[in-house]
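A single chain comes next, written as structure tokens; it is the form predicted on its own.
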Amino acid sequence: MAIFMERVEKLKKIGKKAGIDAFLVSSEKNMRYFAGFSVLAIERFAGIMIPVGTSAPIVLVPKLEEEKAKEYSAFKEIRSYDDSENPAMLLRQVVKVLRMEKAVFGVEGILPFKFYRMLVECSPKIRIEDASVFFSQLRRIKSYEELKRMEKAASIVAEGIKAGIDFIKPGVSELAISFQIEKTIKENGGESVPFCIVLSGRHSALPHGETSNRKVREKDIVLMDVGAVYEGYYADITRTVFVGEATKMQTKIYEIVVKAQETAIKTVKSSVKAEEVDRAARKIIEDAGYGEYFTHRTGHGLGLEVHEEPYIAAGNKTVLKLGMTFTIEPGVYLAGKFGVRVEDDIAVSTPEAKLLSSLSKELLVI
């Protein structure tokens, strides 16, 4: 439990400097980060009140999540309400107990309005500040333990994609391939598979297309973009393979995309700006004459969420630091024809970037 206490202490120090008296953490991901557990609250209110002073954090949960909180929460002061009660009353009691009626509260920018209103209605002198940047500041640097979880998540996704590749043949549907990937991930310890995108033929030209009943044909491209969670942490990997043969144009574009990705990965190091990594990948594709067909950023941060800081995008001047994790996923998409994307998970390390995912990028014809 020491890691959670350490994270809370860091948050308190940040809050003190920023003039914040207490934090209210309510998102599933941040509850897991600071307290070691999360709840399936859905529309119900759940959160952690973290005073910046000496008082210990207080966990507030629906009654049906109380036992789970008692077993897994790093913080032992737990208060609950049942479905016949108004959670606003419980929140008001906690604010009063902590003497926070005149406090400045730091909250997440994604806090639902109904919970924001519950907090401000606890006292007319309460003030609210968006503290999203502080949560991001802490979470974007991963510990050794977090990196090991992400490596494990990536190895599980890799097994799923391998199973998908082995299943591909003319006549099988995108949905059937997707099912095989998800099944293998679950069998190998994946907690969940939030997305498993399988696109074949001209569908592969849609960067975020929808998996369908379309059946794979000879000379198709099949693109698999898969995200899975292990002990709360994400992996996100994409591979593109060829059925029967790869034409000269397809081979050329595949090699361009792989070169762009490998060039970007070599650019990753502490003190480099995120935009420089994006630029490294983009230049390879632009110089090859396909710049207009690379229609998205080069990557996104990865951790407790599949998209978080830092974003590997043009104009992002965030300086990379040791322990940051993100994807590198350049792509080229020729509308109505085919698309190619190759994606891996990366950690800023020394002396060079560390690949969290390990799956062959050799052009593969099935």
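When you see a residue number, it is the position in the sequence shown, counting from 1. None of these values were measured; they are calculated from a predicted model.
Just so you know, the form predicted together with a further copy of the same chain exists too; it's not on screen, but the next bit is about it.
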Answer with yes or no whether D220 is in contact with a further copy of the same chain in the model of the complex, where contact means some heavy atom within 4.5 Å.
-> no
Give a yes or no for D225: in the model of the complex, does one of its heavy atoms lie within 4.5 Å of a heavy atom belonging to a further copy of the same chain?
-> no
Would you check, heavy atoms only and a 4.5 Å threshold, whether D130 touches a further copy of the same chain in the model of the complex?
-> yes
Answer for K70 alone: is it within 4.5 Å of a further copy of the same chain in the model of the complex, judged on heavy atom distances?
-> no
Could you spot which one of Y293, F179, F134, Y81 gets a heavy atom to within 4.5 Å of a further copy of the same chain in the model of the complex?
-> F179
Contact residue in the model of the complex, from M89, V272, I110, V97 (heavy atom within 4.5 Å of a further copy of the same chain) | I110
Go through 279-287, 89-97, 171-179, 155-163 and give me the stretch that gets within 4.5 Å of a further copy of the same chain in the model of the complex, heavy atoms only.
-> 171-179
Sequence-ordered list of residues in 291-315 near a further copy of the same chain in the model of the complex, where near means a heavy atom within 4.5 Å = R297, H307, Y311
